[in-house]
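Read the single chain below, which is given as structure tokens and is the form predicted alone.
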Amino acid sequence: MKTKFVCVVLFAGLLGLHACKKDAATALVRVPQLPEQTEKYAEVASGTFATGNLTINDHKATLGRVLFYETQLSVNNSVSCGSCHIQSKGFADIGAVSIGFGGGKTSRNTPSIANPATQTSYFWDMRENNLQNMVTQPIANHLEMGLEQPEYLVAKLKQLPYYEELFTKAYGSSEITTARIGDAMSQFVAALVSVNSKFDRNLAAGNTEFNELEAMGSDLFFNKLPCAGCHGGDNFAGWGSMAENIGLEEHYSDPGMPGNDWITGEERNGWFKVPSLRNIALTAPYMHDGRFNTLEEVVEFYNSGIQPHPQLSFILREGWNTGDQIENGFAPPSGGQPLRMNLTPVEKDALVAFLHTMTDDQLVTQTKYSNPFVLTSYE
């Protein structure tokens, strides 16, 4: 009886071994599938505000696209940059915070990265002002992708056969370096140009494309409310990059941007980068901590919920448009009360309708910005 049990176990083990060999023979591998004709990144980006001073190279941007969606850039091959910057979400994420390679959660919401070349600093706390460094920081982050040693990153990519041709086309040789990785990824990210929204079409058509509600929202945004005071410029993120305290709390547990408040001289508390509003209807949830799930909630916060933080932006204080709050040319007194907009339901709807006009359907659907990887079997 004992001998029979052993035989059965051995037979079952042999069957399992055979099955494993069969599975290994037909294992699926993840490889990029690129078109024969190199995608035109430079052509679309050239001459637009969204590329800044950066000249896009099609082959470098193509390599950058592959690297952007490459899960091998994480320590356990589980996540890529594209895991948290999702094309259909305007290159933002789906949750209040993002999930890293080991299931850990980031401390802040993942913002959209469209039109990054117009910006002079990156991340919510504006800690980085170089686009090449910005795109590689998440790779080394201990929560996000976990590849803290640059030499390990290079060694991993050298084991992948498809990079030899991609690096050669981009740089004239197959050599893989961290500098080239950062350059190629920044080329692709800089090519994430968003300038084809209804707002852009309306502007080009002499303000004739908006319906009545959208036009009302535009007037509120630019003329009757202080929205454009922060969300100005072509990218609706200020001119270059700027940080503000918008009164989400009376005291923030996350202090945001380091440094000292320019009015009080005290250590900053609650200063965060002003995000772009392009594709804002796609990028929920909102704010640095993802506390608001809808644009309606965001509008209501600005309408009635701004808190009296001592470092609150003077643009969000009562009297912002009368000059009564201004001292010495710029700084309002610290006692300025939070703005209450007192919007009607129709005005709230109008603002939301206007924000929806900033959606760029081309950016979120074009193949050249999408994940190029497919699963294929090998023998």
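For every residue, the number given is its place in the sequence shown, counted from 1. Predicted model, so just to flag it, every value in this text is computed and none were measured.
Form predicted together with a small molecule: not shown, discussed below.
Of the stretches 156-164, 134-142, 200-208, 171-179, only 134-142 has residues with a heavy atom within 4.5 Å of the small molecule in the predicted bound form.
With the partner omitted from this view, the residue of 194, 118, 98, 269 that lies near the small molecule in the predicted bound form is 98 [heavy atom within 4.5 Å]. In terms of contact with the small molecule in the predicted bound form, the residue from 216, 86, 263, 230 that brings a heavy atom within 4.5 Å is 230. The small molecule is not drawn, but in the predicted bound form it has no heavy atom within 4.5 Å of residue 150. Interface membership of residue 313, defined by any non-hydrogen atom within 4.5 Å of the small molecule in the predicted bound form, is confirmed.
Contact annotation for residue 280: at least one heavy atom lies within 4.5 Å of the small molecule in the predicted bound form. By the criterion of a heavy atom within 4.5 Å, residue 244 is counted among the residues contacting the small molecule in the predicted bound form. Contact annotation for the candidate site: 113, 124 and 274 all lie close to the small molecule in the predicted bound form (heavy atom within 4.5 Å).
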